[in-house]
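Only one chain is included here, represented as structure tokens and corresponding to the form predicted alone.
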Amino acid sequence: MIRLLFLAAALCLTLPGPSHAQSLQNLLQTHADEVLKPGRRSVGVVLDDLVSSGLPQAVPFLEAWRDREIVQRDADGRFFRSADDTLFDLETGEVLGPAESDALTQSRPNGGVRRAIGDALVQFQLSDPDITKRRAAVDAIARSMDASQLTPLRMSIEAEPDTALKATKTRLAGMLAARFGKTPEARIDAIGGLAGDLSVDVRAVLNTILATTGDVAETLPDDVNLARLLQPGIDLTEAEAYRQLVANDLAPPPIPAHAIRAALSSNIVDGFVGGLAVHTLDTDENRMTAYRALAQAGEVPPLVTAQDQAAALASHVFYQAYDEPDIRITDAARAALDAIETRVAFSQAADLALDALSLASIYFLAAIGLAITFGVMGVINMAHGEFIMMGAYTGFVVQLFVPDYTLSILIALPLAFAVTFGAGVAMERLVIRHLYHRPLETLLATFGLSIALQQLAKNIFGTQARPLTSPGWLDGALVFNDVIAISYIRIAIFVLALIFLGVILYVLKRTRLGLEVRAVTQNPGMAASMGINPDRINMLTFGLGSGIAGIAGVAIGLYAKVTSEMGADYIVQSFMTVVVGGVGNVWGTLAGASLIGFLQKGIEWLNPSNTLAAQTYMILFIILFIQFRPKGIVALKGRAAAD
């Protein structure tokens, strides 16, 4: 009851001419015939009276009428609501008893009437206390974009309590005013207000205002709102242009070959047609000569030659005219749309750059561990992707025991490093150390280990993808406008990549381990002579690279599928990143990841329907790049650079 009183008060404020002197039943009796047998033309009177009445019972009545639940009792002509074989009073909603179909006549509004009822309901629902219904009403207006909704929408804005919905109503009212404002000045002001909105629906409104129709005339009409002139042969084909002339009765249609043959056949007299014997009509030239003779005699329509068509095209003006007759409105819409499209182009470029930067950070995380092992040890580790996979599964296992996703990620990151560090040390001690300076055997051995680790993961976790759920504060995206947006997970991965860059640079530049790693990288023999144990450095380096891959696996698993084959999706890009950037150099890895990330996104933008082609083009580009700069973007310095 409180809800109905609130609605009644809102209607009093927002709708013109409220009158509560009569009840809903009395109002319906006034329009009994229209209520029982509504038509698309007659229903408007009933709806106008219901809207202007301000009766709170009008809303449930309209909903029931739209749903074909209104019946009239034959005995006294009163109206009721019938649902589930039960009769309800329209004034109070009370149950009156079972609905006896033999004593009732049902109102059956057709589709057009029901749409009109729905439009009237929208006007009520714009001020409904239930925000869900108000949102539904705004959505309905956005779908229909009807001029009749502008006034009630504007009247509901001031009293709208929800800030977001109020902004949506204001924006929608601006779009409606741009199309259906009462004066050109009002429409121009509304169009100017849309110039900063990059949304698709605003662009659709402006494109609707700028809709054009093609036409042709002998001279350009003075009263036409010209969009542009069309040049036959450039803007449209000459054949299309001539067909337009024919359609507008501005030129005769060309005579097709079959019509020429039919005309010649029907005009044969004593073996002759057009002054030529029938047996001589075996060439196109003779047939055309005979037809011209018939045309000169008035027996058939005249021929339309290519010269005739060219002359007709030259003597007419082809143009596109705006459907909107007011040039001021179309100029304002064109200026607004041009400004929006310029901003959209810049925004698309910025969005593409953000996507490329995000992809580059992922490749950097995936490749930095490989850069350390490959650069220091020269080991082609084909199992590097499986360390990424092990890190992702470590995060999944942690979340099984720690349901707090934020805490589980904080635990999973160091634990993934520890697990993959240990696995990397074990691999180096058991396999890699026996294969130094034997690259082919190393490649085959690590490839075999890769397959073995994938199968082990399948045996433990199965073949189904496992979820690695991100914390709630990483849900959604950072939205700058309708074009530029980036998910919070990708932002977190980018931040993690920056943190790793700083940590690795600190370890390599400011710690004893980093000093020894750089010494072994540049000159292993000299480093050994200075008391550094290359075997120990190789072991720790391989473990460090593997541990970093494990942390990368946790980060990648937050948005990618966690399966036993997920490492294979990144191993190729990781090797390309290391080789292009420069072997054994952190800054080179960063440069390589950036180059590959931006290159891949650029190719995908040029060829969005074929990602496989984008991968192929990227590999071809990198092959060519290596031909000109074989040591990568940032070449390794020292004696090892010459190895």
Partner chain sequence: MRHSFIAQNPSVLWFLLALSLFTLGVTVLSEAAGVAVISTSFVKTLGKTLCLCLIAVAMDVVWGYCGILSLGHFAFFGLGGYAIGMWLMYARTEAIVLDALAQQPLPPTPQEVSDAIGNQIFGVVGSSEFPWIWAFADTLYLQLLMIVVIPGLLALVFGWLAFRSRVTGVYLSILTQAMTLALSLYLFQNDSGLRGNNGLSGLQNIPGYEDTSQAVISIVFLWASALALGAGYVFFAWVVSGKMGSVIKGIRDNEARVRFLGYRVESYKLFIFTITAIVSAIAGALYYPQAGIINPGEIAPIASIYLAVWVAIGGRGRLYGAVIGAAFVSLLSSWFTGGGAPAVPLGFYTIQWTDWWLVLLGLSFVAVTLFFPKGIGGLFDYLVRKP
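Numbering follows the first chain given and starts at 1. For the two forms, the rigid core is made up of the largest set of C-alpha atoms that agree within 1.5 Å on superposition. Model, not experiment: these values are computed from the prediction.
Missing here is the form predicted together with the partner chain; even so, the following discussion is about that form.
Taking A99, V138, L281, V520 one by one, only a single residue has any non-hydrogen atom within 4.5 Å of the partner chain in the predicted complex, and it is L281. The partner is absent here; in the predicted complex, the one residue of M530, A147, A167, L456 having a heavy atom within 4.5 Å of the partner chain is L456. Contact annotation: R81 falls outside 4.5 Å of the partner chain in the predicted complex, judged by heavy atom distances. Interface membership of N26, defined by any non-hydrogen atom within 4.5 Å of the partner chain in the predicted complex, is ruled out. The shortest heavy atom separation between I380 and the partner chain in the predicted complex is within 4.5 Å. Although the partner is absent here, Y405 lies well away from the partner chain in the predicted complex, with no heavy atom inside 4.5 Å.
Contact with the partner chain in the predicted complex, judged as any non-hydrogen atom within 4.5 angstroms, is confined among 343-351, 221-229, 99-107, 431-439 to 431-439.
Using a 4.5 angstroms heavy atom cutoff to the partner chain in the predicted complex, none of F417, G422 and L508 count as contacting. Residues F447, G448, L449, I451, A452, Q455, L456, N459 of 447-476 are found to place at least one heavy atom within 4.5 Å of the partner chain in the predicted complex. In a rigid-core overlay of the protein, E285 has its C-alpha displaced by at least 2 Å between this form and the one not shown. Once the cores line up, the CA of G274 ends up 2 angstroms or more apart between this form and the one not shown.
Annotation: Cα of L496 displaced by less than 2 Å between this form and the one not shown, core superposition.
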